[in-house]
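Shown next as structure tokens: one chain only, the form predicted on its own.
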């Protein structure tokens, strides 16, 4: 699914267009998305309906995406940041304005997610998927109960070398702060010292810091516990037929996230990007997206209901007990971000 840049001479394009019909004339779309987050069937459907050729590249974290956009023109037409990174991208002028509210399928968006706090005028974003970040455990042979962040950050001795942690601070440090009962977006060096000590102690049990290989490693037994996302953990459980895989909703709380479709500044195919965004807000397409990713849909239940896999309604991963606190990731200040980065750099040394 890695992007292939094709450099074509203008003369070749002109000649080819005379013989290949409208499909080529519709052009291309370059899509940059998270790993294993793009349904191939929907991409093919979009190509068949529009004649637009889609190429896909992947990344493993919001930090990787942000760094790519900061480097300048990327050639991408659509990318998928989480809500706390959308705020950064808007404030730094990294995104094109798009007429989301004027799109025909905007009516399918759940009213709760119209004009979200990170894009109150709905000028830059359209919804993609939403979910949570926590960790999963293969409960077969596991000695604990699987209900606390303490089991992840302070594992038992039997878990040495059997834990996998995301490789970026954005989704690990907020959970650590939650476990320690400390404020999010923390600017207090003393508090962040506690986080650093916790993570350094956890490091003795960590086999790898990686945000891509948790499915393979949990399935083949390389690790018994790993950072995970709710829908991805559900896919992991179903695809591997590992019914002992438990996505933990810790009593201390869980991190919520909302991913959106946005158009990077200077996107070469903005019109095609807008066609794709409207296509993804179609009720049936939105439901197929959730059926593939196993995440909750931000479209109206009345719109997607008949198309959704009914197992999503009862899946333990995405149906959170009301007693479990959910905290949506925030856009932290420069001071807090600097402290987070310092802690993470020290951890990975």
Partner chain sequence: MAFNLPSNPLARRWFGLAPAVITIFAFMVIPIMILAVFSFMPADPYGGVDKGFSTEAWIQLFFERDLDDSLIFEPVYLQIIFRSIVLAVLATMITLAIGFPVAWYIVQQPAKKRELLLFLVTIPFWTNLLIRAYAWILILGKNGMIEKPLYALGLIDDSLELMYGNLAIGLGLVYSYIPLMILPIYASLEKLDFNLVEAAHDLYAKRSSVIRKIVIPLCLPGIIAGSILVFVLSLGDFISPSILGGGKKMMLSNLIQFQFSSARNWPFGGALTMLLLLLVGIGSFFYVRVSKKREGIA
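Everything numeric in this text was worked out from a predicted model, so none of it was measured. Positions refer to the first chain, counted from 1.
Quick note: we don't show the form predicted together with the partner chain, though the next part is all about it.
J.: Within 4.5 Å of the partner chain in the predicted bound form: all of 101, 230 and 254, by heavy atom?
T.: Per the other structure, none of 101, 230 and 254 touch the partner chain.
J.: Of these, 160 to 168, 178 to 186, 125 to 133, 139 to 147, which stretch puts a heavy atom within 4.5 angstroms of the partner chain in the predicted bound form?
T.: The contacting stretch is 160 to 168.
J.: Wondering, does residue 97 line up within 4.5 Å of the partner chain in the predicted bound form on heavy atoms?
T.: So residue 97 does not count as contacting the partner chain.
J.: Quick one: is residue 337 in contact with the partner chain in the predicted bound form, heavy atoms, 4.5 Å cut-off?
T.: Contact with the partner chain, yes.
J.: At 4.5 Å between heavy atoms, is residue 330 in contact with the partner chain in the predicted bound form?
T.: Taking the distances in the predicted bound form, the answer for residue 330 is no, it never comes within 4.5 Å of the partner chain.
J.: Is residue 301 one of the residues lying within 4.5 Å of the partner chain in the predicted bound form, judged by heavy atom distances?
T.: Result no; residue 301 lies far from the partner chain in the predicted bound form.
J.: Could you spot which one of 66, 296, 308, 283 gets a heavy atom to within 4.5 Å of the partner chain in the predicted bound form?
T.: Filtering the options by heavy-atom distance leaves 66.
J.: Which residue among 106, 113, 209, 279 has a heavy atom within 4.5 angstroms of the partner chain in the predicted bound form?
T.: Contact check passes for 209.
J.: Within 4.5 Å of the partner chain in the predicted bound form, which residues of 170 to 202 have a heavy atom? Give them in sequence order, or say none.
T.: The stretch touches the partner through 189, 192, 193, 196.
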